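Two forms, one protein chain; structure tokens for each follow separately as structure 1 and structure 2.
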Structure 1
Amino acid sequence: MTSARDEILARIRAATADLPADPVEIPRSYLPHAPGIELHDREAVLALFAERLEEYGATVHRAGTADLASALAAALPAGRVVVPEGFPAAWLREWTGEAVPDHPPLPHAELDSLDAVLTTCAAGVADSGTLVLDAGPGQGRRAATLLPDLHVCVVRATQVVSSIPEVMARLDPRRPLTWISGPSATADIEMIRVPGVHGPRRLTVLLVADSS
């Protein structure tokens, strides 16, 4: 008896039987950076990144490395915040809340009860106002960034690129990538926006100028 799987594979083989054996060159002539942005105009890239994030409903603060600790203390709530392994402890020296480690992994119910999650990121994309997390140092696991109601993310200016094609070259596709464009929200059939259905209702981004 022929299974559904065998039937599907047979149809795929029949449909692809006349394809050329040699690899086909794919044209890559699309725009590699955000429209209207010069690649070397870093301030324009950062301004677009902040603008797009704010359009999505995120709050963006800019700081230098010298005032990062005070900026974080102002951005974080005074309660309990999950802080993934690898997040620089020195950045929290002016904050008076409780940093809760996620090691061993906290139960989902406890993550949901915390006041916020604080992370770094792997990259930022200006054209789409997107944060990319890859579970690297200071970023933690995906559940920890989805369950608390507030996500505070520290982004270094040098991590921000102008477009998706640029950021793809920086990322390791073997890592678990989480792409975040603004606070979580969805809309029903009447286009009524409901925040926080699939993740944090609030997103605060602290954009840090590396040179200061």
Structure 2
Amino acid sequence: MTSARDEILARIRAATADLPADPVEIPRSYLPHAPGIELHDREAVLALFAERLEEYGATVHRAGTADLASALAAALPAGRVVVPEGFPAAWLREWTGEAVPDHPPLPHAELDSLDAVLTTCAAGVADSGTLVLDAGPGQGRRAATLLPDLHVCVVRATQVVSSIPEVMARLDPRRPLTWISGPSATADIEMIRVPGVHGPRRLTVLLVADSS
């Protein structure tokens, strides 16, 4: 008896017998960078990143490395916040809440009861207002950034690129990736955008300048 796999492959080969065997040539004349942004204009890239995130209802604060700790203390709630392994402890020195480690992994119900999650990220994309998390140091596993109602994310300015084509090469597809463009939202009721359905209802981004 032929397996489903062999039969499907045989059907495909029969169905495409009339097509040339050579690879199809792929035109790639789309923009590698965000439209309207000069390649080396870092300030324009960062401004666009903040603008696009805010358009989707995220809160964006900009800070220097020197005032990051106080900016974080202002952005975080006073309660219990899950902080993944690898998140720089020094950044939390001015915050007075309780940092809850996710090691060993917290049960889902416990994550659900926390006030916020605090992470770093792998990259930011200005054009689409996107944060990409890859479960690297300071980012934790995917469930941790999903269940608490507030996600606070620290993004270093060097991590922000202007466009999606630019970010692809920075990411490792073998890692679990979560691309976040503003907080959870739906438009399923009369096409009216309602923020916050199942994922975090609030997203706060701290964009940290690279200098100093």
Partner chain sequence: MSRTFVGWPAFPEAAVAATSDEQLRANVTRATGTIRAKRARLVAERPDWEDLRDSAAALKNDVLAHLDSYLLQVEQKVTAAGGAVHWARDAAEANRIVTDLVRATGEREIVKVKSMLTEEIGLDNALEEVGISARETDLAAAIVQLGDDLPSHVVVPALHRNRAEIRDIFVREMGRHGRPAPEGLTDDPPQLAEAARLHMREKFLKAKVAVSGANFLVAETGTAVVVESEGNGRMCLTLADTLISLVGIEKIVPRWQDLEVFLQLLARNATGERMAPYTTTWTGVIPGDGPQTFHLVLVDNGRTRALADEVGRQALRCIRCGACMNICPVYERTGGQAYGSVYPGPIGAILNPLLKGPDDPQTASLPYASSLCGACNDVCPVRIRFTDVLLELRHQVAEGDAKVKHPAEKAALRAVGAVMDHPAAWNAAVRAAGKAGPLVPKNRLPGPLGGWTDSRRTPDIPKESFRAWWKRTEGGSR
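Numbering runs along the sequence of structure 1, starting at 1. What we label the rigid core is the largest C-alpha set whose atoms superpose within 1.5 Å from one form to the other. Computed from a prediction, not measured in an experiment: that's the story for all the values here.
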Which number goes with the form predicted in complex with the partner chain? 2
Is R28 one of the residues whose C-alpha moves 2 Å or more between structure 1 and structure 2 after the core fit? yes
Rigid-core-fitted C-alpha displacement of R193 between structure 1 and structure 2 (angstrom): 3.5
